[in-house]
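This document opens with one chain alone, in structure tokens, the form predicted on its own.
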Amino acid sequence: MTTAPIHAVVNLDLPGPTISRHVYGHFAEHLGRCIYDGFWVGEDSTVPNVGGIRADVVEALRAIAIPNLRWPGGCFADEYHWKDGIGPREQRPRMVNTHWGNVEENNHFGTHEFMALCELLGADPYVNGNVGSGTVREMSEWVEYLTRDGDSPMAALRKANGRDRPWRVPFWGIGNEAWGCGGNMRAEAYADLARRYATFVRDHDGNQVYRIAAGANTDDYAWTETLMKTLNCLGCSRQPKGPFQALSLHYYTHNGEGAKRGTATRFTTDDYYLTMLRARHIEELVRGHAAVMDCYDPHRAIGLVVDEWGTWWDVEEGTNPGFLHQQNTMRDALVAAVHFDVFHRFAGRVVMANIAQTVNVLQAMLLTDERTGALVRTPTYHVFAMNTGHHDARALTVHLRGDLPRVDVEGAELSVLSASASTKDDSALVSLTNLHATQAQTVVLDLRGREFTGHEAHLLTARSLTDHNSAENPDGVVPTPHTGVRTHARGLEVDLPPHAYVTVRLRLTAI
């Protein structure tokens, strides 16, 4: 059954804030098989590698223009002592990863390996420092080691370990989840520590650091307000002054509470709709935290960084429960699409986001098959690939008109149509998502303000919501050219199959 067309009005000549490419950031934690057997295989591996870094993973991520990579955690960051991960690998001390699987690791992947990975990816490093079990001096020396030139103690140590020139490190996290695994702190206690630690994250030799305080979990607006109070007074019109420039937000999408979160590949239509309702909750959270920040920072000088987001399902059967390995279906891809629409709409406040995580963990871009060594691109990976045109483009408001389709989910209404758009140079990109499990939709793109001379469209969908990619079937869910786009008196008419994601790129006449 096809419903009456919905009109999506886009004023192509009224661009808004720039959508930072950094909202398409990624997250790599020492967790399960993300680092070891994901990014890192070692120089002696039979898997093709560059200095121990898996070559096909790098190639796949470069293809989606990965802008930044957050490391070493996550919860792991607040038990990681960076000096254990430098120097000759055979001499590095071992450690126990108490957060994730209680496994021992050899610290073979450390600072130099991470920075080499970022250079191969062409991505900006986002280093998360240790506040929970570390010291101010330890964090300060790590920044010096990474970014200072000359012959200071830490620069000399770096040179002794084989790197003469300093690196550029633009992003620095001041601890992680201080309300939980990062120390179980009160907001007031952490706010004082954040100011103290951030003060000693110095800008060395032209490397300007963007310091990100550990912000709230989901709807803890009081945590956000406590941090903002340390930067400015309520209602002040002056620019906030303080040692950090952003604060984070963490939110995961799942269907349960506690340890039971639902399975990644075996779910009902009702389960699916509940997932979509919870995914769309990210808009309420971003709006709420942004509103609190606006009270103390009306000019939006302080950034909101959603540096952990994505789906979190029960681990796959037979895998270590501490490794958080899950499959990735068409449902996960639609969760990603909904999040990006929100990040685009709040581009004036959301300056960065990092999906959790990049390889083999949670809502991963890539899965590496232990048995065959194959690399699998997940449906979520393809959403990132389809969206590269939004990187550093200016947001366009999409006004939806008509009888918007909705589904009742446990007494709440789920809007099943999501959209966003952006423009850059003489092009525009429109993203359209139909969340309805069984009904197609038709959307009229009512394009105003500029003429367009052509278009191309791509479609990501699947026969079933549970469809996914695997080593045996790597192309089960992949984008295809979308032929269901027609000219219309108002612009274009776009068919949206059930549970589908569509992007339409427009070629615009020059201004």
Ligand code: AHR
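These numbers were taken from a predicted model, which means no experiment stands behind them. So that there is no doubt, residue numbering starts at 1 and follows the sequence shown.
Not pictured, yet referred to below: the form predicted in complex with alpha-L-arabinofuranose (AHR).
> Answer with open or blocked: the shown chain lacks the ligand, so superimpose alpha-L-arabinofuranose (AHR) from its arrangement in the predicted bound form and check for 3 or more ligand atoms within 2.4 Å of backbone or C-beta atoms.
Check passed, pocket reads open.
> Is there a heavy atom of L31 lying 4.5 Å or less from a heavy atom of alpha-L-arabinofuranose (AHR) in the predicted bound form?
Output for L31 is yes: heavy atoms within 4.5 Å of alpha-L-arabinofuranose (AHR).
> Applying a 4.5 Å heavy atom distance criterion, does Y252 contact alpha-L-arabinofuranose (AHR) in the predicted bound form?
Yes, Y252 lies within 4.5 Å of alpha-L-arabinofuranose (AHR) in the predicted bound form.
> Classify F39 as contacting or not contacting alpha-L-arabinofuranose (AHR) in the predicted bound form by the rule of any non-hydrogen atom within 4.5 angstroms, answering yes or no.
It does not: once alpha-L-arabinofuranose (AHR) is placed as it appears in the predicted bound form, F39 has no heavy atom within 4.5 Å of it.
> Contact between F346 and alpha-L-arabinofuranose (AHR) in the predicted bound form at 4.5 Å, heavy atoms?
Result no; F346 lies far from alpha-L-arabinofuranose (AHR) in the predicted bound form.
> Check, residue by residue, if G74, W100 and A356 all come within 4.5 Å of alpha-L-arabinofuranose (AHR) in the predicted bound form, counting heavy atoms only.
Judged in the predicted bound form, G74, W100 and A356 all sit within 4.5 Å of alpha-L-arabinofuranose (AHR).
> Residues in which of 448-456, 45-53, 463-471, 22-30 have heavy atoms within 4.5 Å of alpha-L-arabinofuranose (AHR) in the predicted bound form?
After filtering at 4.5 Å, what remains is 22-30.
> Which of L231, V169, L324, V350 has a heavy atom within 4.5 Å of alpha-L-arabinofuranose (AHR) in the predicted bound form?
So the residue touching alpha-L-arabinofuranose (AHR) in the predicted bound form, by this definition, is L324.
> Only one of E113, D341, E308, D297 has a non-hydrogen atom within 4.5 angstroms of alpha-L-arabinofuranose (AHR) in the predicted bound form; which is it?
After the contact test, the surviving option is E308.
> Are there residues in 138-176 with a heavy atom within 4.5 Å of alpha-L-arabinofuranose (AHR) in the predicted bound form, and which are they, in order?
Contacts from 138-176: just N176.
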